[in-house]
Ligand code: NGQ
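Given as structure tokens, the chain that follows is alone and in the form predicted alone.
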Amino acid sequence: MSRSFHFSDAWLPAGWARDVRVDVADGVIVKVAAGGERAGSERIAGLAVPGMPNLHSHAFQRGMAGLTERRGPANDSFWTWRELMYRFLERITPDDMLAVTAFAYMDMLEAGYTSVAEFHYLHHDIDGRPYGDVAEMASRVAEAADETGIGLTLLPSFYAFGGFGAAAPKGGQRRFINTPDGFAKLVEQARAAITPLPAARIGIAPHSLRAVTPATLRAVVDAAPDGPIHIHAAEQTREVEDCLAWSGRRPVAWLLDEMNMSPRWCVVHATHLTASETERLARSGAVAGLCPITEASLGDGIFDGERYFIAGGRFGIGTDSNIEVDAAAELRQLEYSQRLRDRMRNVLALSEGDSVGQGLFASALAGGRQALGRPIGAIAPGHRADIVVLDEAHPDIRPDQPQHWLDAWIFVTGRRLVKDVMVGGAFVVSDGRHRRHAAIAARYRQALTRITA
């Protein structure tokens, strides 16, 4: 199916352009013409920008939002939060997985994301036994993507151990655990589950160095000759200390030394790096998967953005725990964390006169495109027609100052500026609301009522 759209203003790879015609065939942009005529095209009011890729999501955690904000008996941390997460998982059924994931994906679309990399590790039944279809839960993720319309890169996660040195898994981890052979079967079934989805991709996600051994990590990577590879690393100082005790090296240093990291890889969080690790990661061509809102929520720490950017490092943003879903807010939190640490302003604009918002937005699009392994993140021929339309009538949008439009979105209005969202040439959000909002929200509420009863 072919359609043509005419935008009064659109953010193209070279910057803002007026009167932009975009021709789409089978969900892919085939032609872009600035200063073009409207004839035969659909007029779309608003500022068109590429949809943001979300490179790291645990969709089921959307159901936990607001449930972990009470002080515990000891110093709360990521590790105490993790125990609460394990208890939340004890009641989630496949139907619940569909309901929560669909709501999370709808929330993403309404907030300016048009595609997601789902780091999926909730595989088995509540007692830890595999379902008859080992990809039962992955199939529910695919069903949620299909229902909402979001673009999907599915990353089944390999999780085999409870800690460094092949420690035995804990009871709360029983729904995650696989052998390399069992994981290979899961990946193939997950691949079949996403086949009907437009331009969907499959990759793998070794959970973390603490959840694998060198032998099992190499086994699952060797069994996946193509597609993205994502892994959590250096999120917490305790993780770094435990890795040093186990191997004598820090997590990212170990990965760089042992795994021949390449642009296929996405290192999620990468919060606690030395200067050498930061520069080596930048040179590897891998993507740093940053989730600033979740990293702040969990007290993880602050990524060394300035050093990494100066070294030419690639990055993208993710919603991780999905406690606040807002593409602009993730970029804002990234910049603000640098300002708080360094007591400076405009830290991640590396040259005088540069716009922080434009630089962050462009870099996150490119890094997200690489991490998801999909032709997304640009209004340009050959890319998926994933476009977010911002409200040009909002009081914070000054019509004669396009140089400030992205800064206004990222640092002022956030998701309130998102008006319409197109995925693959079809609108799934109109006037800020998803086409199936009421039904998806009602099913989500019913699932949470049962899970948290």
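Residue numbers run from 1 along the displayed sequence. None of these values were measured; they are calculated from a predicted model.
Separately, the form predicted together with the ligand exists; it is not shown, and the next lines address it.
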Residue-level contact is defined here as any heavy atom of the residue lying within 4.5 Å of the ligand in the model of the complex; does residue 58 satisfy this criterion? yes
Taking heavy atoms only, is residue 82 within 4.5 angstroms of the ligand in the model of the complex? yes
Does residue 304 make contact with the ligand in the model of the complex, using a 4.5 Å heavy atom cut-off? no
Under a 4.5 Å heavy atom criterion, is residue 338 part of the interface with the ligand in the model of the complex? no
If the cut-off is 4.5 angstroms on heavy atoms, which of these, 254, 164, 309, 86, is the one near the ligand in the model of the complex? 86
Within 4.5 Å, heavy atoms only, which of 271, 178, 294, 370 is in contact with the ligand in the model of the complex? 294
Among 100-108, 329-337, 360-368, 229-237, which stretch has residues with heavy atoms no more than 4.5 Å from the ligand in the model of the complex? 229-237
Near the ligand in the model of the complex, with a heavy atom at 4.5 Å or closer, the residues from 195-213 are 207, 210
